[in-house]
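Heads up, the chain below is alone and in the form predicted on its own; it's given as structure tokens.
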Amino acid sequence: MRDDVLSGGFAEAPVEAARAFRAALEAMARPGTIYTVSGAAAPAPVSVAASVLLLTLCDRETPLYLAPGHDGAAVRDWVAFHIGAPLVGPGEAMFALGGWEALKPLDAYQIGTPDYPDRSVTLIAELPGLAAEGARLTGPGIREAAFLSLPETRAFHANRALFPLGWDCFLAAGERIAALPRTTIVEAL
């Protein structure tokens, strides 16, 4: 097995996984707030932040979709060794990883059902950077308003219109994460 497949997991799994899980929960509970994570590194092009989210939120019972650009042999082998998540198409995925444009079309993913809105996908969108500027965010978990650099606003606005259905999204850039649950109201500025 290649070294890039064997390395990149948590060195102190219980401690690092607990920290990462807390950061992921905080990010989803406080949309638009940027958190720094560390402790994992999948092969390129997967960022540290996305690696940490995969190790923390996925397991062998979590169907994962790797979008073009992220669906390479090294990443597949890393996922198989460290997570064991079954790799599936976008329609069966509980989590999807890729660049924003590569994750499209967004209507290919599960958005839940009226009886089970939680049976939807969570996107992990890799971005070149994250900043507390750009689109205006309001809704649950946000005091007054937050601002976040998003790849676009239209898709998030359309997703919010589906509530209680829709997808949730983590944004990953380097060692930074932010999240936008489907409850977040997104306005372009």
Partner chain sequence: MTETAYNFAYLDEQTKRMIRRAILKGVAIPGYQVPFASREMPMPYGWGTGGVQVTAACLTPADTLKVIDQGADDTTNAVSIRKFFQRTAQVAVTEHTEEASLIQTRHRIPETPLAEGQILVYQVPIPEPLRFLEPRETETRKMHALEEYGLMHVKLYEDIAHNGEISTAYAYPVQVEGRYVMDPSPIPKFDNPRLESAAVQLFGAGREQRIYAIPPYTQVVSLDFEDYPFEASKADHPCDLCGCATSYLDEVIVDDAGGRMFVCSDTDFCSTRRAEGHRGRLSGEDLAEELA
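What you see is a predicted model, and the numbers here were worked out from it, not measured in a lab. Positions refer to the first chain, counted from 1.
This next part talks about the form predicted in complex with its partner chain, which is not shown.
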query	finding
Which of 126-134, 150-158, 54-62, 36-44 lines the interface with its partner chain in the predicted complex (heavy atom within 4.5 Å)	54-62
Its partner chain in the predicted complex: contacted by all of Gly72, Tyr109 and Ala173, heavy atom 4.5 Å	no
Its partner chain contact in the predicted complex: Pro114, any heavy atom under 4.5 Å	yes
Its partner chain contact at Trp100 in the predicted complex, heavy atom, 4.5 Å	no
Residue contact check: Pro68 to its partner chain in the predicted complex, 4.5 Å heavy atom	no
Ala145, heavy atom within 4.5 angstroms of its partner chain in the predicted complex	no
Stretch 117-132: residues contacting its partner chain in the predicted complex, 4.5 Å heavy atom cut-off	Pro117, Asp118, Ser120, Val121, Thr122
